[in-house]
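Starting off, we have a lone chain in the form predicted alone, written out as structure tokens.
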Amino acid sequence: MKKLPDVLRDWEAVIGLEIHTELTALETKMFCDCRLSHTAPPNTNVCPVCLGLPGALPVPNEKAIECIVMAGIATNCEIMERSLFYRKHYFYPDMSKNYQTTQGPVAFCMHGHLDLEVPAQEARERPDFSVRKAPDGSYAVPIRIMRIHMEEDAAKMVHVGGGEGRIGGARESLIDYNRCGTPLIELVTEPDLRTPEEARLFMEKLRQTFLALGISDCSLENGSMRCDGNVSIRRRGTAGVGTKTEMKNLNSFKSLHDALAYEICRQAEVLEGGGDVRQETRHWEPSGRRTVVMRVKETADDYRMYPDPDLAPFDLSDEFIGRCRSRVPELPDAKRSRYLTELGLSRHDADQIACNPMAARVFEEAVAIAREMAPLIANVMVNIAPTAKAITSRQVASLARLLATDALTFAQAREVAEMVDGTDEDPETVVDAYNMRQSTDIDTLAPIVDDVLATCVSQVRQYENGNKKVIGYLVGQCMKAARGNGNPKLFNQLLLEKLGV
């Protein structure tokens, strides 16, 4: 983790996040039957409801409610049996009815947490949290979740044209209402995060959780997952919070980290210089690597929120909540723990596979074929075929078997993985067709070793004089003489025997 400047030695950040996630797994919008699509021509998936035309009445999407309840269960929230939708008033072209339908003080999901691993030193510096030590020696801090509420997304504004004297460089703004009314869940944390790195890790973990649930594609690039960061600073060792600023629409993990890091330093410099931090909304400029003021921060009173008279209160039954609970799959933390304890994976490989639902599915199908090779199968998934888009579980298991029998080198296995990706070919067949199988016949390899030792007199002398690294060169010469078909491990073993080790 990068160290922040010296100006922060006496200051501590207090960070809270608001993470918005579109429920892209659904087919229709939140309060109408319009189709969800990011690629449809502008303003083709609209109706009187999502355009806010007079007399149009909203009808809630039951599947969207199921998704938010699943999200709440996965993040250890209390599922509230009764909640309301409210009208949040603001005037802006991206919401034509001049209010957003959202939830009020009681959301569907309240008072949850996600555990975040932190270094031991940071764990010791957090007396205000119940830090837990895991069996593997890591430390987990529960980052509290205030609420997860449901709301509708706004339309998409596109600024076009330009020229000298134009405000913001644009000639006009166009609006695509296709996105308006998209089911959106907003997770709000308590101000429990202390560093930009922790904020980044929390958002990454939440993304992994939602991907495992299958409720969203969580694409930061396309805007289906985005984050607002709230930050204030205080003197180290003190309680309470200072005046906060909000960074809007941070659409990458790097932007989240860098915007918070800049803003923490900016606030510290303002206070060190005797100034006051203003409560305001700021925008992150990646090109200038700075935050700039957008507007003075609104307060809740500015939105004139009241219960939506067109939507009845929600009363979630125990049966409905139980059905949602049964749909929650094994989550990344539990999956990682199982991989470590039951399958013997390394921590790195378990982390990489558990957080990727597609990779986890292929891995577990391959393990079902050859459970005894689970660590090697994980190695194939993480190090040999990480970029494969359509490799099958049978192909992964076959590659692991070839490696286990020393029939292939890792370099060759990567080549074979690329060759079979997206096909139904068996790696065994490809290896034999291209004469890639490594020979383990000592009677064939021993004469090659003798010839190399006789030829590489200088390297042999270097080895005898203590330069043990030269053995790699000798193995390479053996592989070259065998035209790549000799087993390098066996060559290494034979060389050491011949050299008297």
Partner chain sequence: MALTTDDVRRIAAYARIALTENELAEMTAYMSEAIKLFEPIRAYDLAGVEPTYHPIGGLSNVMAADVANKHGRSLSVDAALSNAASTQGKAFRIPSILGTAGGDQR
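Positions refer to the first chain, counted from 1. Being a predicted model, the structure only gives us computed values, none of them experimental.
We do not show the form predicted together with its partner chain, though everything after this point is about it.
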{"item": "Among the candidates D315, E319, E342, D276, the residue which, in the predicted complex, approaches its partner chain to within 4.5 Å (heavy atoms)", "value": "D315"}
{"item": "Option touching its partner chain, based on a heavy atom within 4.5 Å in the predicted complex, out of L445, I471, V49, M436", "value": "V49"}
{"item": "Contact stretch among 303 to 311, 407 to 415, 251 to 259, 200 to 208 - heavy atom within 4.5 Å of its partner chain in the predicted complex", "value": "303 to 311"}
{"item": "Non-hydrogen atom contact S219 with its partner chain in the predicted complex at 4.5 angstroms", "value": "no"}
{"item": "P93 within 4.5 Å of its partner chain in the predicted complex, heavy atoms", "value": "yes"}
{"item": "Distance check, E62 to its partner chain in the predicted complex, heavy atom within 4.5 Å", "value": "yes"}
{"item": "Non-hydrogen atom contact L53 with its partner chain in the predicted complex at 4.5 angstroms", "value": "yes"}
{"item": "Residues of stretch 10 to 44 in contact with its partner chain in the predicted complex (4.5 Å, non-hydrogen atom)", "value": "L26, E27, T28, C32, D33, R35, P42, N43, T44"}
